[in-house]
Structure formats: C-alpha cells, structure tokens
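As structure tokens, one chain now follows by itself in the form predicted alone.
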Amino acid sequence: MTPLEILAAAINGDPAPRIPIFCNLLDQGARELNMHSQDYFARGECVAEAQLRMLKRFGHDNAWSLHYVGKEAELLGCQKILFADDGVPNVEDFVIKNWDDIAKFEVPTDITQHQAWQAIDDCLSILRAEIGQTHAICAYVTASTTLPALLMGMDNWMELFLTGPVDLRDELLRKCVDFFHQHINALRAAGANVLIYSTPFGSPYLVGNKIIEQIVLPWMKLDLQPGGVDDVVYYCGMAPFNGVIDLVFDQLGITSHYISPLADLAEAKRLINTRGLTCGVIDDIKMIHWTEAETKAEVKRIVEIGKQGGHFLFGNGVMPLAVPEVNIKAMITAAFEYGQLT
C-alpha cells in the first residue's frame, strides 16, 4: 500500500499493514539545501526539493507546501517578514496598525495573482507531480478567527476580539472568511490533499467553551461550509481541545483531529472512537533534550495508546530546528516499529 492508501485506511477503519506516520519538517528545509532562510523560502522549487529529499531520507508519509505562517499575511499586504537562519520567519510589518485600518483593509480579488503566491504554487506543482498519487501533501490554512493575529498582532486582536466593538470585529472577520475561501480553494486546486485547519481560538485552553460556542464556532462554519471538510484536519496549534471534540464533530463535521501533546490521548481516542481519525502527537519540543532511547519510549507509549481499534495516526507538532537529527530518525523508526498492524 502507498502512504496515501495507508492514510485512507486509517481514516476509514480499513485493514492496513501499519499506522500512518507524519513528520512535519518545515524549518529544516533551508539547512537541508545549505541555503539562507530568506533565499530558500523565496523559491518554491527549493522548498519542494527539500521536502522530497527529507521524505526520501526519513521515509515518513507526508510532505508540506507550507513555507511559513506569515505567508498568509504577505498575501494580504504585509511588506516585511523577519527571517533568521536559526529560527522561524515572523511577521515584522503588521497590515493593520490600528482599528481605523480595518475599514481600509481589502482582500485581493484573486490571491493567486499575488507575487507571494507564486512560490507556493511552484512548490505544490512539483510535489503534486512527484508524489501526489502516493503521499499526503499537507497545506496550512489559518481560521478566520485566528488570521487577524497575523495582521495586527495577538495582543491587539485579543483586545478587539474580547472587548472591542462587535461591528468592527465582525467586519474584519468577514474579510478574513473571504480570504480563507480563496486560500483553501487555491491550495486544493494546486495539489494539496490534506488541509491543516489551524484554529487556536477553537481550543478551550485559549478562550473557553462559551466563547467558542457563541463566537468562534459560527465563524468556523462560515470558513468551512463551501468546500466541505473531508480533507480537513482540526488543529489548535498544540493547544488541547478534548473538551470540544464532540462539538467539532456535531457542528463542523470534521472527523480528523490532531491531538495536543498536552491533552489526554486516551481520553481523545475514546471520544473520537471509530467516528474519525485520532492523531497522537509527540511533544517535539522535549525532543530537543531527549536521548534516542527517551524519544523511542515516548513514541511507543503514544502508539500503544492510539493504535488499538485502528483509526490512528502518529505525528509530531512542528519540529524545532534544535531537535537533533538522530532523534528525528529515532522517532520515525520507532513509529514504524510499534505502529505495525499485521
């Protein structure tokens, strides 16, 4: 079976030789090609090449089209990204500098005509041609309720979201929904077949169940209804969300859930059961300091909890650059060893 067929089997509860194994290596790409971060991310063909090289070397089941999260801000007018060869690119220039800017803020009519889209399209074109029929090609889409944090900063967005004028908040969110629809449609059309729906405001850890039900959920519905959710994975940026799993099933119909390492995996597996896919996630920040043996032991613990009854995937968060490569290899090797189903 191909990795993509193994993923489909896990989702559907069909027989397979092993569980699917995701390894999210984003910032390692520039180092893989011995390039400076800014030069690397400017060229989609380089991002694709690095993803394919790492896929071949480590043997996991997924590649990524995501360059960096701030790419969405660039598509919406951000003029400056702060690059670092030893860290994650970050938004340096906020599109919305004060609340008055919200009225002037406009979403492009067609984001695929924006210069910042070209590298994404180039990357996905290569990945689709090389592995589109055999592997998961992951793309990252930021929920409308989270996107404003990239446009105006988290502190300013939290103030507007929680205590600001409702009409102004909703005006911004409507524009973010418009962008979300364009973005997810463009990613699908370009070749992404697994869409990671990043919605930290969908975690009770950040805003609480009442706010999720009354404010966040209606906007998430607007995000997702037009294109469906068969290829969508619910992800809260490593924040735990066990408390809303049933709500996500009932209200959004999303059946694949990327469980936080801070959450009780056994509880999540019970809640999801055979209704969908439980993704058990290792705490890859701790992998910075773990030994190979400690890494393998944690993989074994996670897989043994999750694989009983099927409908399970093993993965990591966003692998920090500081994680030793021996630990990445140990993680993937252990996942293959303990994830056998036949």
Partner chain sequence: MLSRYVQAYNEAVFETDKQAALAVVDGALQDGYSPEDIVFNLVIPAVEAMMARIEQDPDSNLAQHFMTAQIASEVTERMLEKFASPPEAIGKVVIGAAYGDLHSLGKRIVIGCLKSLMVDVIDLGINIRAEQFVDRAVENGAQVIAISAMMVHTATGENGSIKVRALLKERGLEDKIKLAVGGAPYRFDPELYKKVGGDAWAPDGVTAAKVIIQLIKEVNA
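Numbering follows the first chain given and starts at 1. Quick caveat, the model's predicted, so the values are computed rather than measured.
Omitted here: the form predicted together with its partner chain. The next part is about that form.
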TODO: Would you check whether its partner chain, in the model of the complex, lies within 4.5 angstroms of a non-hydrogen atom from each of E92, N156 and K286?
DONE: yes
Using 4.5 Å between non-hydrogen atoms, is K97 touching its partner chain in the model of the complex? no
* **Partner proximity in the model of the complex: D170 to its partner chain, non-hydrogen atom cutoff 4.5 Å** => no
Practice prompt. Answer yes if any heavy atom of T163 is within 4.5 Å of a heavy atom of its partner chain in the model of the complex; otherwise answer no.
Written response: yes
Margin query: So in the model of the complex, is its partner chain close enough to L262 to count as touching (4.5 Å, heavy atoms)?
Written below: yes
Within 4.5 Å of its partner chain in the model of the complex by heavy atoms, the stretch out of 244 to 252, 204 to 212, 218 to 226, 127 to 135 is 204 to 212
Assert contact residue (its partner chain, in the model of the complex, non-hydrogen atom within 4.5 Å, options L82, A189, A266, A103) equals L82
Assert contact residue (its partner chain, in the model of the complex, non-hydrogen atom within 4.5 Å, options L271, A116, V88, C78) equals V88
Those residues of 225 to 251 with a non-hydrogen atom no more than 4.5 Å from its partner chain in the model of the complex are M238
